[in-house]
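Starting off, we have a lone chain in the form predicted alone, written out as structure tokens.
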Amino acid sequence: MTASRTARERVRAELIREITDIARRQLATDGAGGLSLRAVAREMGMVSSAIYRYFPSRDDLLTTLIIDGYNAIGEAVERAEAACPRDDFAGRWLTACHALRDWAVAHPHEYALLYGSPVPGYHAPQDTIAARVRDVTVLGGIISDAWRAGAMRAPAIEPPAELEGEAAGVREHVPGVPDGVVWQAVAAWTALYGWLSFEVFGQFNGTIEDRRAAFDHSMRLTAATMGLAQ
């Protein structure tokens, strides 16, 4: 019975992998809003009712694609940053940023699913949160480590009183730093993901040609603004 169950589990895993691969191709041609379980089933040569055994709804399939995408980004960033010397904070920051960009450029349609316009009628469940913060946790850890090591300058501008408590949702990803540094992290992440979205969604077309070099310089400027020693 155990061998039979294991074989069924392998078949199920393979079918789920095939479904998600086809769904990712659909993202490239039809966008997230055009994702269709019936179309996936048709491409697989499967009756439409059968695919619901694996994904009860389009939203379940979207959730799986989103979690897979966030985990792929997180793994790429974690692996790249882990190879850097621990006391090279600027190097860790730049390496993590480039890992993010490399993934986004190589997977533009998946990036669009994660960071583009919301899919009408879809609301991401709590299941997506752990995967969603993997890359942010790495970036926040670099900033926290640099602050504790004295390798960052204090913020030039302190947050105004009306922002007190507003950083609570971010603080867990940048532990052990004052509020001013938390807001520096927020500004840095905005610069990073803003650049990626501009590049992936074509806003630099006809404006910036050597985007890798321009990205590197921009992320160095961001590191300098945060006071990371380079």
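A quick note: this is a predicted structure, and the numbers were derived from the prediction, not measured. When you see a residue number, it is the position in the sequence shown, counting from 1.
From this point on, the text means the form predicted in complex with another copy of the chain, which you will not see here.
Within this chain, Ile16 is remote from the site of another copy of the chain in the predicted complex, having no heavy atom within 4.5 Å. In the predicted complex, another copy of the chain sits beyond 4.5 Å of every heavy atom of Pro85.
Contact annotation for Arg220: at least one heavy atom lies within 4.5 Å of another copy of the chain in the predicted complex.
Contact check for Pro159: a heavy atom falls within 4.5 Å of another copy of the chain in the predicted complex. If you check another copy of the chain in the predicted complex, you find a heavy atom from every one of Gln184, Thr190 and Phe201 within 4.5 Å. With another copy of the chain left out of view, the stretch that reaches within 4.5 Å of it through heavy atoms in the predicted complex is, among 85-93, 149-157, 71-79, 98-106, 149-157.
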